[in-house]
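One chain follows as structure tokens, the form predicted on its own.
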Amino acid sequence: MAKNTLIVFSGDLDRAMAAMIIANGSAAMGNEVTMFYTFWGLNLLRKPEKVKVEKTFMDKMFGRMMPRGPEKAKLSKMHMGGMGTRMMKNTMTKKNVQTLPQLMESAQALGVKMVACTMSMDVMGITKEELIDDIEYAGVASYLAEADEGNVNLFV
């Protein structure tokens, strides 16, 4: 069995879709897959609903400006005030392409390990309570240990 790791740095819809499709494909082939979510990629792991937690003023400001969850992800190019993202989602539906939330659920069902970067969480004012269930929390050293064992390491 091979071991693959992906760093999910971006919260953009198209980049997140690519990362999830790769992760699902690799896991379906029987590979061990770890996805390390850092900085803007953490927004994909946020719960869609607002969670009451104590935060500093700056952490609250970050929280208000960042999208909550994969449904709020926008295209990195041709977003066009939301029109491009809606067009892409509509096209994906018509062509029976799974949505980003569906791909994330599928990955978890296939045993893909999703890890939230604790340092990035701290910098961006994101708490564990605000993130989805069934994920892990670790720092960069943990990711690097996994990557050292991996035969495929990607940065998305």
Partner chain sequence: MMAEFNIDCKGMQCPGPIVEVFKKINSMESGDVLHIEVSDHGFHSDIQAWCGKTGNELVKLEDNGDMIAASIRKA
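Please read all numbers here as calculations on a predicted model, not as lab measurements. Numbering follows the first chain given and starts at 1.
Here the subject shifts to the form predicted together with its partner chain, a form of this protein not shown in this document.
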With a 4.5 Å heavy atom cut-off, would you call Asn24 a contact of its partner chain in the predicted complex? yes
Is there any non-hydrogen atom of Thr99 lying within 4.5 Å of its partner chain in the predicted complex? no
Its partner chain contact at Lys52 in the predicted complex, heavy atom, 4.5 Å: no
Met29 versus its partner chain, in the predicted complex: is there a non-hydrogen atom within 4.5 Å? yes
Kindly indicate whether Lys95, Leu103 and Leu110 are, all three, within 4.5 angstroms of its partner chain in the predicted complex, using heavy atoms. yes
Using a 4.5 Å heavy atom cut-off, which of 42-50, 66-74, 121-129, 29-37 contacts its partner chain in the predicted complex? 29-37
